[in-house]
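The chain below stands alone and is given as structure tokens, in the form predicted alone.
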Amino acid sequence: MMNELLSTNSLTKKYKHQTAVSDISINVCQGEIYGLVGKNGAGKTTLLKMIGGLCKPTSGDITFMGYSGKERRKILSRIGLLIEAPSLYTGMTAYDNLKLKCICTGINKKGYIEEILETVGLCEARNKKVSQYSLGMKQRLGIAMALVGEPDLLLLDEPINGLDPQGIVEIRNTLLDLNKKKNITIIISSHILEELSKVSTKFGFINNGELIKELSHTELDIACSEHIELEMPDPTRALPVLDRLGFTHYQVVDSHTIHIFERLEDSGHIAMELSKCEIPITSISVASKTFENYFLEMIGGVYND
């Protein structure tokens, strides 16, 4: 069982009459990549800022590595942050940016900067001025800056926003390497669920400052996988029939819908057996959802089939 690294308890942040984050409780275990999913303005950045110590919660608490309340300040250095755009001196090289960060944090270890540059794939561009970097390279350097001090937790706010496909792949590979090779736990926010699904092991869906759903990657795959969608006035009447037919992998989604995740070729047989039992159905079909459609459904948006 994985050890819990971070938890938030009813975390809330209010600005005058506006509530940016409302009563959010999440749990992040050591070694996870936790994807915060939400549209722009949903509260993702505010939540990350509170976790990283950049702003104080109005109410609620955060526990990190067993420390909570004022005691948590002692170990905030164990958190690396890249919130919004990376803070870089564009007239300096990548090496010098990192050297300055090392001086500020009291690190003077031979080969330390080179190791970080190697980790984020910027060794060959170490002596190039940051002003000559692509957006993707700047983002990777921002991650490198956050890695100074060897944090246990990395907070990344929309790190792929505005990147071209190559830049997105580079950031994705960097994060997977950090997680697998260095066992760094990562919380990454984005409004692009399709991309988050390629790196995250767990997801939290945020809308209007509230956590509306939390699920594992496996649960997301199941929710979006191809399935028989059975719509009917009373789904509970169909359950004994499905059990008798040997179906075990199904879910009552709402008051009118059942999703069946096995034996997709048997939809006609299911309809016939329900008809024999005089159980009315509205429709039966084989369907699936894209990650994007699932996200839009979660936040009450509109999507196209």
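Numbering starts at 1 and runs along the sequence shown. None of these values were measured; they are calculated from a predicted model.
The discussion below concerns the form predicted together with adenosine-5'-diphosphate, not included here.
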Inset, instruction - Select from the listed residues R263, H259, H256, K39 the one whose heavy atoms reach within 4.5 Å of adenosine-5'-diphosphate in the model of the complex. - result: K39
Inset, instruction - Although adenosine-5'-diphosphate is absent from this view, report whether G43 comes within 4.5 Å of it in the model of the complex, heavy atoms only. - result: yes
Legend entry - in the model of the complex, Q18 touching adenosine-5'-diphosphate (heavy atom, 4.5 Å): yes
Legend entry - Contact stretch among 248 to 256, 45 to 53, 65 to 73, 264 to 272 - heavy atom within 4.5 Å of adenosine-5'-diphosphate in the model of the complex: 45 to 53
